[in-house]
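Only one chain comes next, encoded as structure tokens, the form predicted alone.
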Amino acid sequence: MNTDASETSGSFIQNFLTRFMGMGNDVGNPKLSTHVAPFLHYAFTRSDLPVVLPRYQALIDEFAMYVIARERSEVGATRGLIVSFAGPSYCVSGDLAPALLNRNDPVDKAVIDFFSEDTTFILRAGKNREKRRRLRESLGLMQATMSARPRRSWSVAKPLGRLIAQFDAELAAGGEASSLHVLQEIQARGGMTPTNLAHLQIKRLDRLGLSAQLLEMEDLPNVLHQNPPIPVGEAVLNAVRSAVLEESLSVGDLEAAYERLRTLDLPLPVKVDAHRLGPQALTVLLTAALGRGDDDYLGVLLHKLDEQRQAELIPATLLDAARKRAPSAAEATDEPHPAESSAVEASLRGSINSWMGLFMAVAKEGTDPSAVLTDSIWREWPPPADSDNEVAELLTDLTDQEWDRCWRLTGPFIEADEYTHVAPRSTREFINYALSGNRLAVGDLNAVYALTESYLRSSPSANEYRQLLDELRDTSPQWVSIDNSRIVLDFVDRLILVPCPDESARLNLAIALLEPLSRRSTRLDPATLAFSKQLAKELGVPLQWAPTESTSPSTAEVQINGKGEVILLYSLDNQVLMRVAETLEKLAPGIKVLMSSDKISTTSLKQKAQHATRVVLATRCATHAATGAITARTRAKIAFADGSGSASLLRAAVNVLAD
């Protein structure tokens, strides 16, 4: 995009504005012209700023502000501006990630035709006219402030390796919107092949359980033709299990299941290394092998299921039919061995076979961990908890340069915990590096929270507890702000959920975290403000907060009270579930809250998904077996938390209820 004012006021922007302000947009009303004019002025004259334009649909009384990054590389910076000037204070939705534009909508189509399809944020403030005004004014202030600065490039490209590490960490820590944001940064930055980029997209959709969306990826057939890493192939098979076979297998109709598989227009893997697959992917392979009468491979699959004790996770009708067809499964061990993805991968698989070996190779030998991470072979190793002391001693002596390489392993390290296998000493070393090495940017905070939660779950001594909280307090000026209120409140709530061996340390940290929010509490949305007050009261922190806006119910209450809404909260953290359920029931007594922390697809989980009218998922350490079962079974509107703490889950719940 050029930066010359004369060009921006030329035919390109004029043609775009003509269409944007035309059919489907009623802001042309003369009464609104004074509000629209400033945004048109900036669109015409400042090509170094995002295009910000209002849209109003009178028929349905729908108001939105479109914020369009002119280049993909500017999406991240644009998001940062939105968070700083509007964010959750004035937005009900749309502030975290670019919108999915509708090609059948004339206004959206205008944006698609003139800009990239994935660079537009559509911010909504709900039905409240005062909030609409505030949203419009905050974005007007954003444009005025940015236009007063010298013209310069305000997007800085991060190294690709660091972005990939950040993506893995966000995904592991349950950062749904944040992982999408990083993925878009990777795409905009370039330097990654379309196939490898597709692998990251598949990995994310698999974690979220968005099976249909995964199978609809335009380049999926090409990915499957190129012998993808086993985790990618497994993710595709998982999606097939949820989106294609679920209906037939749930009623035991094996012929229908095979027919649906046979007519699926995808080059699915026929025979893969079953040893490394989970029950969902194995179900698809069993169905296919049974359908084509491949008795030898059926025997191999059954042998693996028995060996790994996963047979009980396979639909009973399918398992019985497979056993009748291939009764000699116990002796079938001749499994096909697909080609390794690369010579490097084969070499790494041979030389690195433990977490200690991986950290040693990456830190001391400068080994690129890409192949190990892409192939996820670390999932076959004992968790870091089994070698905690050994790993921690290695991490303690790392230089900054060595740590910079090892930080890329943060995502897998968090995932390996699984809320079960905490490695306190190693986890503390990760936290030490984050706090001392300035890994406190917005893109790192979800990972730092997940590490902190894990460490506190290990019941540290009073001295260890105090040291950690004091270090968090000392660094808090670097990361506590109104823009980060969600993750800040996640930290505060964790102080309540874990045992407290030092009341003074807890109080000091709570003040350091909550006081900045209280000073600017007029910018907190009602639900966040109420939760902040609740946390301050429970922790005994005497702070002044903005009064509740009015005695009338909040947007969420208006829409959900008395309407019989049933919301399903999903998280592997039971404490967070209980916390959010309790808060939601206070916020809107008319709703019914269901909870689940099942790690796999269970009858209970499916029933809750079917009955829910709203679903909210926190996906930290979650598996497709559970998230895929939810998305396959429910017709409810679904929202994902952008983190794993209580505030993250609560914000997602309130937003989906108010939507």
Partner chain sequence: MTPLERTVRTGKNLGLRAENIVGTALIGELLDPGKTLWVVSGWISDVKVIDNSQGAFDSILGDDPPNVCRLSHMLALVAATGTKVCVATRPNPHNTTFLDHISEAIRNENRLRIIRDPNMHEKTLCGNGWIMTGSMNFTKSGMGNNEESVTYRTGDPSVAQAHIDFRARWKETE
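All values derive from a computational prediction rather than experimental measurement. We call the rigid core the largest set of C-alpha positions that still match within 1.5 Å between the two forms. Positions refer to the first chain, counted from 1.
There is also a form predicted in complex with the partner chain; it is not shown, and the following applies to it.
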{"item": "Interface membership of Asp219, the partner chain in the predicted bound form, 4.5 Å heavy atom rule", "value": "yes"}
{"item": "Exercise: Val223 in contact with the partner chain in the predicted bound form, heavy atom 4.5 Å", "value": "yes"}
{"item": "Partner proximity in the predicted bound form: Arg72 to the partner chain, non-hydrogen atom cutoff 4.5 Å", "value": "yes"}
{"item": "4.5 angstroms heavy atom contact with the partner chain in the predicted bound form for Ser370", "value": "no"}
{"item": "Heavy atom distance at most 4.5 Å to the partner chain in the predicted bound form, all of Ser116, Gln187 and Pro194", "value": "yes"}
{"item": "Residue among Arg520, Arg162, Lys324, Arg103 with a heavy atom within 4.5 Å of the partner chain in the predicted bound form", "value": "Arg103"}
{"item": "Candidate from Thr396, Ser250, Asn227, Asn438 lying within 4.5 Å of the partner chain in the predicted bound form - any heavy atom", "value": "Asn227"}
{"item": "In the predicted bound form, segment of 211-219, 127-135, 360-368, 254-262 with a heavy atom within 4.5 Å of the partner chain", "value": "211-219"}
{"item": "Yes/no, Arg103 Cα shift of 2 Å or more between this form and the one not shown with rigid core fixed", "value": "yes"}
{"item": "Rigid-core frame, C-alpha of Arg70, shift of 2 angstroms or more between this form and the one not shown", "value": "yes"}
